[in-house]
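Quick heads-up: it's one chain on its own, the form predicted on its own, in structure tokens.
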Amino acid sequence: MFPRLACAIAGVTLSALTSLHSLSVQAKAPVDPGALHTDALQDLFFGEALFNAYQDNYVDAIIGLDTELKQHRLLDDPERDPFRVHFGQAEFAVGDLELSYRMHREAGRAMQQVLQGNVAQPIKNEAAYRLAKIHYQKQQFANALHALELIQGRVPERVRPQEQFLRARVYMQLGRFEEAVALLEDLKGEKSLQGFVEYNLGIALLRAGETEKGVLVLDGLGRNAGSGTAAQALQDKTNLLLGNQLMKAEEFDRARKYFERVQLSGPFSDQALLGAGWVEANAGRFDRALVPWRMLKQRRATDAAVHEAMLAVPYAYGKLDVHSTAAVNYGEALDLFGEQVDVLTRSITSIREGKLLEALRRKEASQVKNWVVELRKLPGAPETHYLLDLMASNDYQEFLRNYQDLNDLYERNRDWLQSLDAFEDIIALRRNYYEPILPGLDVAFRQVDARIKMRLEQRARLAARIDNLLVNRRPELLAKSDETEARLMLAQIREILAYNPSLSSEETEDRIARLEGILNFRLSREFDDRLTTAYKNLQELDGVIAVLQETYQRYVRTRQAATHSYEGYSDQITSLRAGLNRAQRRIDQLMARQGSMLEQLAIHELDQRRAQLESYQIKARFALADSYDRANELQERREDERKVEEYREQVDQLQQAEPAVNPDGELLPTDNPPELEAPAPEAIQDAADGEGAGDA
């Protein structure tokens, strides 16, 4: 286990650092399911890599495959490794996984090796497609087209639609819209690309100058893009695109219906409401423009469309000559802009204090989906405001993912460093356990070894004797112990009688001869049975010897395993720890660089939003003052009109009554208009005094 982990640690650290240092700029893409598909799984570790890949744990999958590939190449007899069945697929899958993990440099190198290798043309075609995909994601469109031009003949069917779709998008990026249209027309109806083909086809037609055809294609997609959240979002995006396109062309009536198709709860609803209002306003229907704008005004206060609606609503009221209401709404807008400017200022300050990076490094970032979005719900976290809008930019997404990946790698390295400490503790425990008992075990081992050698020697002698008996019949060699003893006694008696002939007699000779005859007869008669028994006993002895030898081998293996469990790791652990510490320092530097870029990007964006809000504030203040002036002017004009109306009414009343006449019979005026009222007596006296003083 340890060599495997050590190999994994060393492999992934170096490869991940190499790739992350390049700071690729592409979004995380799902791995191609076809690259990891296998009908018959025969290697457990390859299956583990597949499991991690399907769980989007690309780092773990790359670690597993890299480790297996390295170990397989070092095997003395790789044909006996079940991984050999998946070896070629694993090499290809590593490149695909590295591409999914945005390790474009490593993935591109792997694809180049496939292209230059001695493999079948369909495999080379697939490698060329994946290499083009890498270049496209790196926004190297000319290189992507060059890689696609390397494709010759048939492309594997499972990637053919994707290859055609990629080629069409490359053409679009290079301005070759007519060729893109032709490819996309062929791809219509492809289920795996449903909606995306129509969207790109509509864009290509618009860019190619075939506006009506493009609108027609996008109109169909905007009516029904399919079911599911992604399809609904694509449908809303299409309708919003069409609405803005037609509004720019001043076709307001046509644009209105596309804005109205956008869902009110979708991610594009704010822009759609804003656009719907401007369509009506541009057509001079400001009362109708107020409907979507007032609805938008009640939405999230950090959205740019809401800010614009805060100014658009009083603008519409002003156009409707409701200046007092416009002034009230301008006041509300000023209040909101002031609050949001304060929020943005606090956000910028908080980001400069490093709290945004702290939030991104929290454990929840890897456990909660859309963690950056959820950050806004945290209380007392101003740095999390306006992040949703920032996430719309690809640069911010890339910096964010790179930073999160670096943080993940940093934590992995930290865990591996802790694992090395744990390994050292385990090794020390093993050493403390085995070293005291191994000497005693070695003594017992030597005893067993001596017994085995003795049994082997005995077996060799018995086997030689039995083999000799097969060709040289000697029954006495198979005599039992009592029979041997009896034979020895008879031989001893004969020696005694030979030495003392006086003791010998005919009867004694006969008795000795009879006893020897009985004994020889029994041995001769039972020779075959005893020989068979001896052979069977020899076989049983082979079994006993085999058990002893197995015990011997088991002991040797156990002792070697015990010794190997705590010896030989010090240098390896020291080397790994030094490598991990170097990698950790390098990751720390890269994280600081990425974090700084992330903060600068966020602060720059927030500064722009704050500057925009401050600009809105200035406009709102001027508009507010203008609205007050217009409201006062309107009020005065209405008051004058009211007085004129009252005067007319009074004149009409006097004309209807009997008219007064002077002595000459001339009709006298019954009333004077307000501006012709007779001066007060005091004023007349003052005027007379003035004239008299002047005369004096």
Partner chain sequence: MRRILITLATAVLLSLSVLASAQNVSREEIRGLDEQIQDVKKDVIGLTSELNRLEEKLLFPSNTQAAFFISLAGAASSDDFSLESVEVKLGDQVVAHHLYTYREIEALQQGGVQRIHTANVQTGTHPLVVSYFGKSKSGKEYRGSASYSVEKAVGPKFVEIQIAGTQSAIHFKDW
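The structure presented is a predicted model; accordingly, all values stated were derived computationally and were not measured. Numbering follows the first chain given and starts at 1. Note that the rigid core is defined as the largest set of C-alphas that superpose within 1.5 Å between two forms.
The form predicted together with its partner chain is left out here; the points below concern that form.
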{"item": "Location of its partner chain contact in the predicted bound form, chosen stretch of 170-178, 598-606, 446-454, 530-538 [non-hydrogen atom, 4.5 Å]", "value": "598-606"}
{"item": "Phe259 within 4.5 Å of its partner chain in the predicted bound form, heavy atoms", "value": "no"}
{"item": "Heavy atom of Asp56 within 4.5 Å of its partner chain in the predicted bound form", "value": "yes"}
{"item": "Non-hydrogen atom contact Arg557 with its partner chain in the predicted bound form at 4.5 angstroms", "value": "yes"}
{"item": "Touches its partner chain in the predicted bound form: Leu400 (any heavy atom, 4.5 Å)", "value": "no"}
{"item": "Among the candidates Leu41, Leu634, Val644, Leu654, the residue which, in the predicted bound form, approaches its partner chain to within 4.5 Å (heavy atoms)", "value": "Leu41"}
{"item": "Contact residue in the predicted bound form, chosen from Ser350, Gln572, Gln164, Asn520 - any heavy atom within 4.5 Å of its partner chain", "value": "Gln572"}
{"item": "Residues Arg412, Phe423 and Gln594 all lining its partner chain in the predicted bound form, heavy atom within 4.5 Å", "value": "yes"}
{"item": "Contact set, 602-621 vs its partner chain in the predicted bound form - heavy atom within 4.5 angstroms", "value": "His604, Glu605, Gln608, Gln612, Ser615, Tyr616, Lys619"}
{"item": "Displaced residue check between this form and the one not shown: Tyr434, CA, 2 Å or over, core reference", "value": "yes"}
{"item": "Core-aligned C-alpha movement of Ala631 between this form and the one not shown reaching 2 Å", "value": "no"}
{"item": "Core superposition between this form and the one not shown, C-alpha change of Gln232 at least 2 Å", "value": "no"}
